[in-house]
Ligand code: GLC
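First, one chain by itself: the form predicted alone, in structure tokens.
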Amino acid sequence: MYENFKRSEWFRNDRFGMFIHWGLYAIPARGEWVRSREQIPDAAYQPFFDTFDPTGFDPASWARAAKAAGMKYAVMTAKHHDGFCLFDSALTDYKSTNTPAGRDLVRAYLDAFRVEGLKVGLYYSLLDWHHPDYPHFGDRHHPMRADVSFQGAEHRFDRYLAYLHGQVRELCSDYGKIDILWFDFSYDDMAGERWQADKLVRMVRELQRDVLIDNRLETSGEGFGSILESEPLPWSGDFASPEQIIPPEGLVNRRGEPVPWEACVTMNKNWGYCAGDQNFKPASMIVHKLVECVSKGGNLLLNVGPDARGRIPDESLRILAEVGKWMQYNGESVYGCGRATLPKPEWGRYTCCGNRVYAHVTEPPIGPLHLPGISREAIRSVRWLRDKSEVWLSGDWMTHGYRGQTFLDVDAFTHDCMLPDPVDTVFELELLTGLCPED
């Protein structure tokens, strides 16, 4: 467990990443599960392969957008559940190099993001609705699960496992250093050693010693597997991956030790491009949720779903740019930070790094700002993080009745009863001692 925690040090420092879901499903533009949800057979899905030609694909622009948003790493789908590969696998013809795109899109992504200094990850689906030896009829998710013509059909799952392991070997051998390998996902009896998980992880570690592996060789987005147990299994992963939810109190194992985790979250309601889904989360909400993750010791992996041309939607780019403006001035309160041993304040959240506590104020106070859990004597200095200007502790008459409590004088920063940053005004408190749990 210590080795896993040490391996994830950079991950727990960087805190904010970009998830990229992209593939053939961008053409029907009804989300990445369209083939399963609508039970589309191979023949009806084939035209999307035959016409996949993302002429607007510019991974350098994706990387610049991620970096400008304050993201430090990215994870892209090398293969999703439909089995289509965005990389030039020698083990299949069902890949981007055989479409009008005519190129290895994973390699282009990796090259572009590395140029921007971002760490790179690859998503690989354990499911495969295109491979003939993946179970069809009766499987909970396969598009042909109810097609009686597949009832009793022979599927050599050992051949599929050889394919799966072979493709993972390609990704770990042929594309340079990979920082994250994001498997997705396990369900029912399709979990753990059903994937030959022990053998798979040992192979990955031989090829990519420092790569981080998620926990989904055992579970899916609603579970944790054995990573929270006192004695996790060898394929439990390096971090937990709650999906579309932020854990109420962060995550610790049975011994009470913190476990690295990352909430993966969509910007609208879908992972893959969905033309009709305009229900985007505002930038202010993204900032608040990022801070919430960090305050609980976790990361935020925020998704974009490029369209069939290979372009990140304009609304996603606009939101990312707004988040980036806030991060430009306040990233210090995110990177390298985690939870503080302090009660949650009513006005927002605390994040902590060593002897520095960051007060994220999302709801302006009436009068001085109460600092729960922090004594006046413990504070060396207070600054407004945006410009490092001094902030005074309050000695106003209205606080005299609350002995033993500490208040911050924010009156000089308010205008029309509002603090200067309506999204999240951050004050940096330098303390005489640290309040962050030891890593």
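Small disclaimer: the values here were computed from a predicted structure and weren't measured. Residue indices: 1-based, along the sequence shown.
Missing here is the form predicted in complex with the named molecule; even so, the following discussion is about that form.
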| property | result |
| --- | --- |
| Interface segment, criterion being heavy atoms within 4.5 Å of the named molecule in the model of the complex, picked from 321 to 329, 82 to 90, 177 to 185, 354 to 362 | 177 to 185 |
| Contact residue in the model of the complex, from F224, W347, Y123, Y160 (heavy atom within 4.5 Å of the named molecule) | Y123 |
| Single option in W33, F407, F57, F413 placed near the named molecule in the model of the complex, where near means a heavy atom within 4.5 Å | W33 |
| Proximity of E243 to the named molecule in the model of the complex, heavy atoms at 4.5 Å | yes |
| Partner contact for I286 in the model of the complex: the named molecule, 4.5 angstroms, heavy atom | no |
| Touches the named molecule in the model of the complex: W271 (any heavy atom, 4.5 Å) | yes |
| Interface membership of R12, the named molecule in the model of the complex, 4.5 Å heavy atom rule | no |
